[in-house]
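The chain below stands alone and is given in structure tokens; this is the form predicted on its own.
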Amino acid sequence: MTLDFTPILPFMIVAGAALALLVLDLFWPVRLKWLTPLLAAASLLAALVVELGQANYLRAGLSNMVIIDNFSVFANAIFICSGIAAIALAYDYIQRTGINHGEYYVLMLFSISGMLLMSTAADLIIVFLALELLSVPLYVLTGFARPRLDSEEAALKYFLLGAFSSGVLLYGIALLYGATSYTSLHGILSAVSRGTADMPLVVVGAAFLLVGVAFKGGVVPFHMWAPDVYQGAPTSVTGFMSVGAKAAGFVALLRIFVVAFPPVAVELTSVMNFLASLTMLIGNIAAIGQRNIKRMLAYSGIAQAGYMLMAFVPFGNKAIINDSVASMIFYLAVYAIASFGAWAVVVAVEQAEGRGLDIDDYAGLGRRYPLLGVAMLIFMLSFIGLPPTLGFWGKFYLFRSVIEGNYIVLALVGMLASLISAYYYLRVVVMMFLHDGANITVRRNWLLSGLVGVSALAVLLLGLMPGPLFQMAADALLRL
């Protein structure tokens, strides 16, 4: 039994910085409030340096309840970079919308610390604690724009449904403990492999876990919170949530099911297949009728969750599981890059009084602001999966893994869903370049411009050279 804290050093840095900033922000005068986001970003950079220094390193800690491996390093790098991008997204936005409070960045750091803990979890108790740590600050951030009624309503919906999903997850953990006498992932696998576990109870417990985690990923039919919450929350929070919460959900799904539940893959594969197909189709079809850009991107995010889940269908097939899971975490990185770029454009176009959120408000944007319009074009093409963007390679690897697993029908459903998505993504492009509209003034600041520019260049350049990023995703499976 060891209490080695090395595996959670990045978590400790971020959580410690959040606690320190919570106190320090109380005493700083107004003219020094800019130090809060600066120090928040600095703490994330410090955590990233420590995280990357732990690459190719295998070590368990806290009595084997947490573990560091290449998978946790890759996932945490996504979480930390998402946090840095979210700070850039929020800095100007919360000032012009009148919600510039230091607690915003503190809550964001707490949520990121939950994500960092999630990826290192080797025990279901840690999974639950991490899920609550990342979720509770998001509930508060969703209602941060009070007294705006839509923000408060979104926070209440998110909290109630989130509490329900947490209860379902906790019930699943209880069932698994009753069936195996373990909460550790390797302990559950060992009990199932030895034949000492109550298998019907194990399958039911795994199903409850799947429901609890699928809520965070926005998987159909556990997705109904997403459109309302995305629309009502401050846009900077929506951008952070669309990447961070979704990535954390799928990281938890990978860690739990690939490590602990390969023996029940036969029982769960058909369920995964059905959920992936349903999520892709419903997400893309529902997005067609949306006139609000935030709701459209919410349904788009639901559809993207379906694509990721598609690669997870053959998780019990040892012959292809490495390629399949590598394609999923590669797609997580692909989605994060394009998503933050798209949300940065949305934040730039949105007006202080709430205008600029209808798709019609993007009419003529590409003519008045060519660089911004071209960047949004790149992000939309990446979401569709068209070359030469990085999104093409993301879907290529996903579909390849599904076809290798002989799930041809699922691959055809994914291709059909991608064709449907082209309609509403390209509608934004047509609106920007082929229509004249209201003369909306775009917010200009170096943080937003830098985020849009870096994201667009990354989508294009990595689209031309996807090999190194995919290799990093593949290497992350060496010790999964």
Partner chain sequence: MNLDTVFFLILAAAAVITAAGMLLNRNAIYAALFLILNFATVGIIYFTLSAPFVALTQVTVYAGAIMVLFLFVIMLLGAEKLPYGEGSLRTQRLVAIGLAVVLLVEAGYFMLVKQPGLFLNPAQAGEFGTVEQIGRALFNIYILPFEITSLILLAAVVGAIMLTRIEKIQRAGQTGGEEQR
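Numbering follows the first chain given and starts at 1. None of these values were measured; they are calculated from a predicted model.
Another form, the form predicted in complex with its partner chain, is not on view; read the next lines as being about it.
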* Where, among 220 to 228, 333 to 341, 380 to 388, 197 to 205, do residues come within 4.5 Å of its partner chain in the predicted complex by heavy atom distance? -> 197 to 205
* Asked: Does every residue of 11, 19 and 62 put a non-hydrogen atom within 4.5 angstroms of its partner chain in the predicted complex?
  -> yes
* With a 4.5 Å heavy atom cut-off, would you call residue 117 a contact of its partner chain in the predicted complex? -> yes
* To do: Although its partner chain is absent from this view, report whether residue 125 comes within 4.5 Å of it in the predicted complex, heavy atoms only.
  => yes
* Taking the shortest heavy atom distance, is residue 186 within 4.5 Å of its partner chain in the predicted complex? -> no
* residue 132 near its partner chain in the predicted complex, any heavy atom under 4.5 Å? -> yes
* Asked: Can you pick the one in 314, 366, 143, 249 that has a heavy atom within 4.5 Å of its partner chain in the predicted complex?
  -> 143
* Asked: Pick from 110, 407, 393, 74: which has a non-hydrogen atom within 4.5 Å of its partner chain in the predicted complex?
  -> 110
